[in-house]
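Next up is one chain by itself, shown in structure tokens, the form predicted on its own.
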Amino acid sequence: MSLMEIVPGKTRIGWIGTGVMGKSMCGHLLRAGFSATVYNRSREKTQPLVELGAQVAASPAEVAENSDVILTIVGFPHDLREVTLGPTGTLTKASAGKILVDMTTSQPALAVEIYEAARKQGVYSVDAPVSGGDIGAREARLSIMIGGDKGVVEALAPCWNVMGKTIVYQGPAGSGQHTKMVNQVLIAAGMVGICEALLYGYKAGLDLDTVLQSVSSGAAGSWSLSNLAPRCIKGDFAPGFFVEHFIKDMGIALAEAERMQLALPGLALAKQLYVALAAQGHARSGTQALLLALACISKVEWPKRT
């Protein structure tokens, strides 16, 4: 079975999940000339895409029925299972030759399960989680890490290039998700360090904006330091990526580590700190809100600035 040619203006895109990141990502595809049918459980969140010309579907199955390439980015593995493998999921209406592209951060084993279920119907499937947060999604400079059949991944280049800046094929089904777990392990420990460093600087009486000028471009530099530390300093804990989703990701990584008989104590500590943060009422805050949990431990009142 030959792969379809993916062309703006000709290829029909389906999009499921129009949250913080999905809205921007689908918007880039619409602006690039793709037509789109979209679905979100909260229908009102599709309105910005409707204003760009998208059609709204009543179910994931309806999205698949009216699309050639069906992209998903939802919250949790159980959400992905429902919108793909459930009774009104995409695979109930995806005909042979269509392509499923999952951009959720999810379980590698689920990516393989979806790949196998799709293959039985002659449907292609790739797992393509992303990194870059809300800023990367808005500015179309996400890092996209992709698992699946290489030919399918290459055929999707017109879509990848509209949404991301760093697009890397990682290997067979599930490889994209495993790579995203590497990404999340790196971020988890890094966020602990950033928040502890900000607390240290604050208690030492330093001007934190000035401190960032010194440390951001040196060996301590990172995306999180450059993009999230300034939000912390301003007291901006709005979500670019939800705490509850990060806890989910760390849980997946720890489960995979246990399966591979790996000890990842830094990741385990970070997850417990984030669980404490969620218990303090910040499950829907951004990951930079970890600062508040650490401040609480040291009885530091972080200034509320905007």
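Quick caveat: nothing in here was measured; it's all calculated off a predicted structure. We call the rigid core the largest set of C-alpha positions that still match within 1.5 Å between the two forms. Position 1 is the first residue in the sequence shown; the rest follow in order.
In what follows, reference is made to the form predicted together with another copy of the chain, a form of this protein that is not presented.
This chain is drawn without another copy of the chain; in the predicted complex, the residue among Val112, Ala140, Ile233, Val211 with a heavy atom within 4.5 Å of it is Val211. Residue-level contacts in the predicted complex: of Leu225, Leu91, Val162, Ala155, one residue has a heavy atom within 4.5 Å of another copy of the chain, and it is Leu225. For another copy of the chain in the predicted complex, the listed stretch (114-122, 67-75, 80-88, 165-173) containing residues with heavy atoms inside 4.5 Å is 165-173. With a 4.5 Å cutoff on heavy atoms, Ala253 counts as touching another copy of the chain in the predicted complex. Residue contact with another copy of the chain in the predicted complex: Gly151 places no heavy atom within 4.5 Å of it. Interface residue remark: Ala96 is not counted as part of the site for another copy of the chain in the predicted complex, having no heavy atom within 4.5 Å. The closest heavy atom approach of Pro265 to another copy of the chain in the predicted complex falls within 4.5 Å. Site residues Ala32, Arg41 and Ala61 are none of them in contact with another copy of the chain in the predicted complex, judged by any heavy atom within 4.5 Å.
Heavy atoms closer than or equal to 4.5 Å to another copy of the chain in the predicted complex belong, across 174-196, to the residues Ser175, His178, Thr179, Met181, Val182, Asn183, Val185, Leu186, Ile187, Ala189, Val192, Gly193, Ile194, Glu196, ordered by sequence position.
Annotation: Cα of Val182 displaced by less than 2 Å between the shown form and the other one, core superposition. Comparing the forms between the shown form and the other one, the C-alpha position of Val215 differs by 2 angstroms or more, with the core used for superposition.
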